[in-house]
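Starting off, we have a lone chain in the form predicted on its own, written out as structure tokens.
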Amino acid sequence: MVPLSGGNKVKAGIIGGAGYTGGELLRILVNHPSVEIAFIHSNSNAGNYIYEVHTDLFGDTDLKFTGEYNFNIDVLFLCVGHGDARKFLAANPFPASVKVIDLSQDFRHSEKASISYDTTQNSQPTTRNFIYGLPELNREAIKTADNIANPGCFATCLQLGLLPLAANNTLNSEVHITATTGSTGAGQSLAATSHFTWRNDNLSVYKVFDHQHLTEIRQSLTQLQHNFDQEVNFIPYRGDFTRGIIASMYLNSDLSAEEAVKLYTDYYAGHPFTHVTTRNIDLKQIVNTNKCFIQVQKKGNKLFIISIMDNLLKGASGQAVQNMNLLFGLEETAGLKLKAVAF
């Protein structure tokens, strides 16, 4: 168990609390039984109540955003834009005793998974090394880590659909993937393709075959299956719904239907949020939860996999809290026993 500065509770700070991932993180941590929120930083909303931005939290908390932060915390969540996490840590020398969970892509790739900077507490530069925070892949390493690079949303969904094959050296075919994400996956800043009048009643493809999450996906697959050298063909879609990801994948496989289901079920045994079925699945089952559902079928020589999850929870803030729980020796599901609305 990691010693805590806040006594029996994990003392947490949040940088970038006004966006979608910051809001989701607050909704979880405000009700987490083992967390005390020390500060929620936002340059644009300093002094405002949290519920003035995240209006559903009215009545749940009287915390305010602040333009300042302090170093007397146990964990720092970085809910900032890609490229900004590395800049923030370099400019703000939090002591090495503070664990960092970064929700951007800045430290996800192994060749970029560290940063060194000077601190006032030490004449020698401090180096932070980040572990890739996918619990279904790196749970034991996460438990003893100092810093976590939280996976991307598409990356989480797709990896969970493929990891059991790589772990058993049965990922021996080109993989074809089509996946659709909700509009919150684009972040809170408005753009032509995230505006309601464009996105509503619409569907579009983007970043065909070269989505940025492919690098971390391949990194994880080769971690388990070192000789994996097949193409991962990924076609992402923008959906006209708010949240959730549904991904369909297929590849050639010699596994029988029964063997494939057993392989997946055995791999995820003991992982509380990832569940395998042969029944049809749909997004309403997992939206607003930290769950991932995986459907496995065999059609001829094709193995067909569907993976579904909430991009803001299992794909971002929920997984960040899951990683925090593992870091501090808490129950892995603490604060995350969330129920889908269904209708």
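Owing to the predicted nature of the structure, the values given are computational and were not obtained by experimental measurement. Counting begins at 1, following the sequence as shown.
What comes next is about the form predicted in complex with another copy of the chain, which does not appear here.
**Q** Looking at 226-234, 160-168, 93-101, 78-86, which stretch has residues with any non-hydrogen atom within 4.5 Å of another copy of the chain in the predicted bound form?
**A** Heavy atoms within 4.5 Å of another copy of the chain in the predicted bound form occur in 226-234.
**Q** So in the predicted bound form, does S110 come within 4.5 Å of another copy of the chain, heavy atom to heavy atom?
**A** The answer is no: S110 has no heavy atom within 4.5 Å of another copy of the chain.
**Q** Given that another copy of the chain is not shown alongside this chain, does R27 nevertheless sit within 4.5 Å of it in the predicted bound form, heavy atom to heavy atom?
**A** Yes - in the predicted bound form, heavy atoms of R27 and another copy of the chain come within 4.5 Å of each other.
**Q** Taking 4.5 angstroms as the cut-off for heavy atoms, does L134 touch another copy of the chain in the predicted bound form?
**A** Close contact is absent here: in the predicted bound form, L134 is far from another copy of the chain, nothing within 4.5 Å, heavy atoms only.
**Q** Can any non-hydrogen atom of F241 be found within 4.5 angstroms of another copy of the chain in the predicted bound form?
**A** F241: yes, in contact with another copy of the chain in the predicted bound form.
**Q** Looking at S253, Q105, N138, S183, which has any heavy atom no more than 4.5 Å from another copy of the chain in the predicted bound form?
**A** By the 4.5 Å criterion, the partner-contacting residue is S183.
**Q** Of A260, A155, L221, A247, which residue is found within 4.5 angstroms of another copy of the chain in the predicted bound form when only non-hydrogen atoms are counted?
**A** Looking at the other structure, the residue within range turns out to be A247.
**Q** Does any residue in 249-283 get within 4.5 Å of another copy of the chain in the predicted bound form, counting heavy atoms only, and if so which ones?
**A** Residues within 4.5 Å: Y250, H275, V276, T277, R279, I281, D282, L283.
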